[in-house]
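In structure tokens, one chain follows: the form predicted alone.
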């Protein structure tokens, strides 16, 4: 049990952060174990609702790769990845829409609203929220995978005005009306940049950026580039880091990569001096 005096100190430590972040925008990339484990799902819903109740403008961009793969297997569709991103042909795009824009999105919304979070489920096709073009960076063909070229922030600001928490599936549409899959980490970074967010938070399945089994509490651009070039940082962490620096360059104040497997890790990172993950800095 935590002593009453310790509980009081925790609350007092959080007070200046609560004052600082009132009416500021946080973009949360929700994925990994936090979307699978039932207890972690519940604490995530509690955390984002608490942040909204104290005046933070919350936006959630969610993944759902495991659910997409599981349904694809049931349908007999092959799954392959290119440079850490899912190759999306037309058949796989239908699965992505069914999963991300359907069940996964609505399950998150329902759980948040059990705590009176005022969440609404959306995807980037809604009101042209994410306008995309085909992904071509690096020369790899990823099929129907898009890069965001415009975010409809006017629509999102309208939702904030009515005290709504958008929960967004990373799906977008091009100028010809063709739907594309979007890497959720990159979508969160683009959204945070467009909204000039105070914080962009990635929930991952590791404590943060790890080097030789040690957590980097802070990561700047030169160190990040060296780690990626050396192959020390690979796979799913690469798009997180790239989108983090893109968001910082576009005006996002801070980016955090934290362990979504730890209960209430988001609150610990935001409301304590020490934090629990990696802070990505200029």
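Every value quoted in this text rests on a predicted model; they were computed, and no experiment measured them. Numbering follows the first chain given and starts at 1.
As for the form predicted together with a small molecule, it is not shown, yet the points below apply to it.
- Only one segment in the set 172-180, 123-131, 136-144, 206-214 has residues whose heavy atoms sit within 4.5 Å of the small molecule in the predicted complex; it is 206-214.
- Contact with the small molecule in the predicted complex, defined as a heavy atom within 4.5 Å, is made by none of 46, 198 and 254.
- By the criterion of a heavy atom within 4.5 Å, residue 232 is counted among the residues contacting the small molecule in the predicted complex.
- The shortest heavy atom separation between residue 29 and the small molecule in the predicted complex is within 4.5 Å.
- Contact check for residue 237: a non-hydrogen atom falls within 4.5 Å of the small molecule in the predicted complex.
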